[in-house]
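Here you get one chain, nothing else, as structure tokens; it is the form predicted alone.
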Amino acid sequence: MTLTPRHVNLDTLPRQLFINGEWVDGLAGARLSVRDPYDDHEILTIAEAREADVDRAVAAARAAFPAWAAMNPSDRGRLLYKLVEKMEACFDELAELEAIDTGHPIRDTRFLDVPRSLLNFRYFAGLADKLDGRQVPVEPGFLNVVKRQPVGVVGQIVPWNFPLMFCSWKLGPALAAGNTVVMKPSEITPLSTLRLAQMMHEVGFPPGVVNIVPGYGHSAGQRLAEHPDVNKIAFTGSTATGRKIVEASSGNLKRVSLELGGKGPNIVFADAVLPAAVGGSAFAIFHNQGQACIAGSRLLLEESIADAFLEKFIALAESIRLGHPLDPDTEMGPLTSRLHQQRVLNYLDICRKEGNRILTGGSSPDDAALAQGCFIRPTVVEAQPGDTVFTQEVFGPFVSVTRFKDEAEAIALANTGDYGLGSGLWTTNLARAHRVADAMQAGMVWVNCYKRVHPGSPFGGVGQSGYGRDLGTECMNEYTEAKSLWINYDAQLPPFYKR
């Protein structure tokens, strides 16, 4: 099937770097190929940022910082609200653009990706003039006030799986708090980020406040992480890359927040409402082709209901409609790149070598119409704690199934491994829900639901899943410094100095 976007004009999309309010080519003249994951054809090429281009962007952000930080916070919020209005006016365009670039089904980009992005920007627009401090009770004659001030120039590196949404997660709080930004979107999915920069320019963001430099991690990303004039790095991506970010940031001891990998345990107890648990668990792993750090990729089933659950779960997985991202009937699109499709297929080879039983899926689809795309069938595999696919993040439409006998074993299995990002459990026992949620080593726990996200609720993990938080008022602390101000309002010297 060939579908043509109705709202996206590829000829007018930005194809350059956005630095200091201008569209410019990279100094080296290099280009990046942006490909359609449905059939792997080249959509267009864009300018590639390298080290010298990052230096230009950081210099622009540094120059713009004093005026932006000094701006009335409500005016910063007003600009973010204008951006939301612009995005709403271009809603269908953004939904199609994200579908074309990432492979997300249009039903997802319309009902999740774009609405969530709007909600995030709107939330932080409203928070811009509500970032208050506190007064600390101290000894008589002194007033102590704690203020929160922006950190300065923020480098942000966002991944390819939810590019528009992650832009809203990172840009919203950083800008609301008064920072200027240099953002490196993924070289794989840069189109919605460049379009967003164009919108920000159109609604009046001052030059240098936001700079967008698509490029590779080993060049543009590395330079941004190590740059001495960058005060903070906010990164979302793999744990391996997160470690490199920390190493690169040590030169000037810049602040770092990391949202990294996950291997989400999703526990189904025997007293769960089975239809809800089946549908919710399918959404937990198969939404966005499983390309989510919080995906419920380890399905832990109580033995007494495991067979009944799997009968329904496998039937649901096999019924998922694969197809063109712009087709409104498509429920699962292609993985976002050929390279990543091969990575997931390699894990299936590991399954076969280690003797994991593949219950369904396990290959690219047979349908000739999908053969050229980066598709993988929804896959369910039996695994034990020692197996590779039980501990390593596959990042695809791939779920491992493990059975447990009792609550204690379920908790032990859930806490196996190094990650601690998202997790879930299904039960009608309220006491158990609280007990197990408290015991799970994760930054987020969903009970009788999965992958619920809201800009008012903090998002992040523990262990190898990183540190710091996106979203919520908690994330504003990531983008501000606490300054303690002491005022001697009695104008008295301490007794030691009196003569």
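Each residue number is its position in the shown sequence, starting from 1. Note that the structure is predicted; figures quoted are calculated from it, not measured.
As for the form predicted together with a small molecule, it is not shown, yet the points below apply to it.
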One stretch from 166 to 174, 126 to 134, 203 to 211, 71 to 79 that, in the predicted complex, holds residues within 4.5 Å of the small molecule by heavy atom: 166 to 174
Close approach of residue 215 to the small molecule in the predicted complex, 4.5 Å, heavy atom: yes
4.5 Å heavy atom contact, residue 65 and the small molecule in the predicted complex: no
Contact of residue 259 with the small molecule in the predicted complex (heavy atom, 4.5 Å): yes
Residue 237, heavy atom within 4.5 angstroms of the small molecule in the predicted complex: yes
Heavy atom within 4.5 Å of the small molecule in the predicted complex - residue from 152, 280, 362, 159: 159
Residue among 93, 327, 187, 387 with a heavy atom within 4.5 Å of the small molecule in the predicted complex: 187
